[in-house]
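Below you'll find only one chain, the form predicted on its own, shown as C-alpha cells.
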Amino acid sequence: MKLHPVSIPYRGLSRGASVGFMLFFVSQSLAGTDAIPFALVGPTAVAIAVLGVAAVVAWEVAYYRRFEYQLGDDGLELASGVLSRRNREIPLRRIQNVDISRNVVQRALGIAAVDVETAGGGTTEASLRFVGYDEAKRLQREIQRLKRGAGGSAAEGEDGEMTASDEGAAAEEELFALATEELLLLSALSFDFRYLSLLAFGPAAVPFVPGFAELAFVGGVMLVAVLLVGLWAISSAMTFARYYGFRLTRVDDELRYERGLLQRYDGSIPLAKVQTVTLTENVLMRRVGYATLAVETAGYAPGQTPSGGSEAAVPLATRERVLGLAREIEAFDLPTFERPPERARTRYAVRYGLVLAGLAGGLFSVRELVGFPGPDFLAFAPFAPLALLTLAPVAAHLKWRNRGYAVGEDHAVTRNGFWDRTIKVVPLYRVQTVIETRTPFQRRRRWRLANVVIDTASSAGSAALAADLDRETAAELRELVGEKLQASLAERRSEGTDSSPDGTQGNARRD
C-alpha cells in the first residue's frame, strides 16, 4: 500500500520552504566573499531558492513512489528508500503502541502521521508520513485485532473505512472524558519549569535604571514576579492545548485516548503491556481533592515515547474517580504504608540544616569580601537562611510522613514526595529487578539506612522506590519481593499467561 498522495505536496512544501529560505539567506550572506566572489541580485537569489524547493519536491515524489507498506497476519512490512533500499518487517508481538497525530493543517487535508513503537525501542520503529486519517485508524484497529489473535480480516466499506462489523468499534467503552471545568482547573494548577526558556526575553519587560541600587532592587523583584506569572501563563496555555478534548476509552484489552487542540493525538495503551500505574497529587490538587493517573508501558514512561505517545491516562479528576479508573487498569487495594524509621526523619532535618548553614556561610563570605550593593537591609541577607532553620524539622517531618511502601499478594506499592506526592503500583509479575542501594551517608553507623528500587521494563522514568529503610528491613523487602516475583511467575506459567513483554524474568541484587 502507498502513502496518501497529498503527502507529496505537503511534505514537499513544508520541507522545501525551509530549504528555500536557508539557501536564500546563505547565498546572500556568502555573496561578495571568497566563496561567492560576485554579488547576487534579488532574482538570482530567488531562483536559487526556487531550485532548492524544486529539488526537495522531486525528492518527495521519489520517496512516495518507493515507499510501500503492508500489514499481514505476522507483522507490518515496510519498503522504503530513494537511493538505498530498505526492507523491514516488524513482528506484531513486538508492537507496543500505535499513535496517530495530526496538526491543524493535516486535519484540514485529511491526513495523519502514524508512529509504530516497540517495547524497549529508543526511537520510533516505523513512521508513516502521511496516510489518510481513515487509513490510520484502520491500521491502529487492525494491528490490535491481529495482536489479539482474531481470525479473518475486518470488513471494510467501498471507500476503505471500517464498517460497523468491526469488533473494536462495537466494543468501545468510554471510561473518562475531561470536562471543560476540569480542563480549566488542570490548566490553572499547571506550573512547568520546562517552559522557562520561553521567557528568555522577559527582562526587557521590566526596565530599571542602572546605577540606582534601590530602583534596581525593586525592578528585580518586579522582574521575578513578572517571570513567574508569565511562566504560569505559558504552562497553563500549553496544558490547555495539550489536553483539550481528552477522552479515554477501552476496547477489549487496550485503552485508547484522544487529546490535543493544535496537535491532535490518538493513541493506544495495551493493557497487557502496562508495567506500572502511577497516581500523582501535588499540594494544590490534594487541597481540592484531585489527582492524576498515568500508566507506563514496556520501555517507556508516560510522555517518553519517541512520538510523544502514551500520556497520562487521566490528566485530572477527583481522587475517588482516579482510584476507580486505576483499578479498572490494574486491580489493587490502596494499602496502609510502612514509613521509614524515625531516624530517617532526623537525617532529613540534619541535611536541610546543613544546606541552609552552608548557604548562610556563603552569603556571609560574600558580604565580607565585596559587600551587598543596594538598600541597607540587604546586609542582613545572610541571616535569612538561618531564620529558615526553624522550618527544617517541619520540612523533614512532611517528607518522612509522605514516604512509605507496602507489599501485597500481587502488587508492590511505594509512595514518595510532598510537593508532588507519587504513588506507584507495580504488579509483582512485572518486576524485572529488585535493587538494594546505600549511599555513603546512609552507610554511616548512625543512620544504617538503605533504599530498595523495584524496577520494571517501563522504568525509563523513575522506578518505584522504597527510600531510607532500616538496613535489615531493606534486605527483607528485597528478598520478599524476589520471592513473590518468582511465585507470581510460576502461577502465571501454570495458567499459560505471558509473564512479561519480552519473556524475561526478574532478579534481585544489592549494590
Partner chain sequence: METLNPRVRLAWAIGAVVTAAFLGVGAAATDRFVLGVGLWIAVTVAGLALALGLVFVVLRYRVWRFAVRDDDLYLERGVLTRVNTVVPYVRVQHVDTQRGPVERALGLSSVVVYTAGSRGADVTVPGLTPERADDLQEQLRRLAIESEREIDAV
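Positions refer to the first chain, counted from 1. None of these values were measured; they are calculated from a predicted model.
Although not depicted, the form predicted together with its partner chain is the subject of the following passage.
**Item:** Contact flag, Leu489 vs its partner chain in the predicted complex, heavy atom cut 4.5 Å
**Value:** Heavy-atom contact with its partner chain at 4.5 Å: present for Leu489.
**Asked** Is there a non-hydrogen atom of Tyr429 within 4.5 angstroms of a non-hydrogen atom of its partner chain in the predicted complex?
**Response** Output for Tyr429 is yes: heavy atoms within 4.5 Å of its partner chain.
**Val434 within 4.5 Å of its partner chain in the predicted complex, heavy atoms** = Yes.
**Prompt:** Does Asp470 make contact with its partner chain in the predicted complex, using a 4.5 Å heavy atom cut-off?
**Reply:** Output for Asp470 is no: heavy atoms all beyond 4.5 Å of its partner chain.
**Request:** Tell me, please, which stretch of 82-90, 330-338, 267-275, 403-411 lies within 4.5 angstroms of its partner chain in the predicted complex when heavy atoms are compared?
**Result:** Checking each option against the 4.5 Å cut-off leaves 267-275.
**Item:** Contact residue in the predicted complex, from Ser365, Thr439, Thr318, Asn103 (heavy atom within 4.5 Å of its partner chain)
**Value:** The option sitting close enough to the partner is Thr439.
**Request:** Verify the flagged residues Asp455, Ala463 and Arg478 against its partner chain in the predicted complex: is each one within 4.5 Å by a non-hydrogen atom?
**Result:** The answer is yes; Asp455, Ala463 and Arg478 each reach its partner chain.
**Request:** Output the sequence-ordered list of residues from 76-102 with at least one heavy atom within 4.5 Å of its partner chain in the predicted complex.
**Result:** The stretch touches the partner through Arg93, Arg94, Gln96.
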